[in-house]
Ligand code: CP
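Just one chain follows, in the form predicted alone, and it is written as structure tokens.
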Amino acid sequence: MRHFLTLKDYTKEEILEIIEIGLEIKNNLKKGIYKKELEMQTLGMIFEKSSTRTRVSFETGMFQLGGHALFLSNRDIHLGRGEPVKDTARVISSMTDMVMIRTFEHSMIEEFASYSSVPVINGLTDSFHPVQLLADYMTLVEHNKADNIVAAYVGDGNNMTHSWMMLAAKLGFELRIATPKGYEVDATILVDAQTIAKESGGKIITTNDPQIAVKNATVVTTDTWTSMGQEDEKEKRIKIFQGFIVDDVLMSHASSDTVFLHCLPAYRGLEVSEEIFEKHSKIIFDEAQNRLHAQKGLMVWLDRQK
């Protein structure tokens, strides 16, 4: 049995296999072919952080695979209201076939997984968002942008940045990260990713200059400057992150055929301009839809490891 908590736990071959399964399922869906690979199975979905894309994609994906998804918010269960995480894990995993958790502290999902008798999927923590990176890479594959990637991440050193670091380290491509001073990536995660990258042939570079990061990049990506739980910092962050907006000026330093990705929701005029977002809207919304298909590939893959 395997859990999916961070891409660090997966080999390049395993990541590519999950993507391949997801693409196969997506292509079958276009032909009207539904293989009920998870028929009569139940996915428990624990949401301590709300989300549009995470709930819709996992719930729809489980239905299309023949199973059922059960939505559990803070108001529905005792987790975080007195019951230890390990007890909740034992109970929920005894009644479901798989569990997806979207929460704050990464240590919470690690503890839950250590006591779970079924696979646990990280739907997002403050440290990592690995299911989003499966969708991002699947999108690059579909758009023929997965070869010789030179990626640039511009913005906050957050869970998305950390997950891009792990993808680059595992798959062996170059990633340049530009953050304002004081908002850099987690130093421990950076060392881990750079160590892995040495073996894979990848390269991870950090800077405080967006132009350095974006120069000749084939993929440019960003995320909101103010993540959930940081709302009281919004005005301060807006001032500090000026100069880190992905706009026409910044994108002019990238490769002529570069693509722009965004995990959504996107705040136009802050981390990305209206013009750049709309210019790349086709691939952005393909990326959003691929959360559904990449996660189906992941759930099928995890089920096969039991």
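Quick caveat, the model's predicted, so the values are computed rather than measured. Residue indices: 1-based, along the sequence shown.
Beyond what is shown, the protein has a form predicted in complex with phosphoric acid mono(formamide)ester (CP); the following relates to that form.
The three marked residues, 52, 129 and 291, each reach phosphoric acid mono(formamide)ester (CP) in the predicted bound form, with a heavy atom inside 4.5 Å.
Interface membership of residue 251, defined by any non-hydrogen atom within 4.5 Å of phosphoric acid mono(formamide)ester (CP) in the predicted bound form, is ruled out.
At the 4.5 Å threshold, heavy atoms of residue 176 stay clear of phosphoric acid mono(formamide)ester (CP) in the predicted bound form, well away from it.
Using a 4.5 Å cutoff between non-hydrogen atoms, residue 263 counts as a contact of phosphoric acid mono(formamide)ester (CP) in the predicted bound form. The closest heavy atom approach of residue 145 to phosphoric acid mono(formamide)ester (CP) in the predicted bound form falls outside 4.5 Å. Only one segment in the set 63-71, 274-282, 43-51, 24-32 has residues whose heavy atoms sit within 4.5 Å of phosphoric acid mono(formamide)ester (CP) in the predicted bound form; it is 43-51.
If you take 87-103 and check each residue for a heavy atom within 4.5 Å of phosphoric acid mono(formamide)ester (CP) in the predicted bound form, you get just 102.
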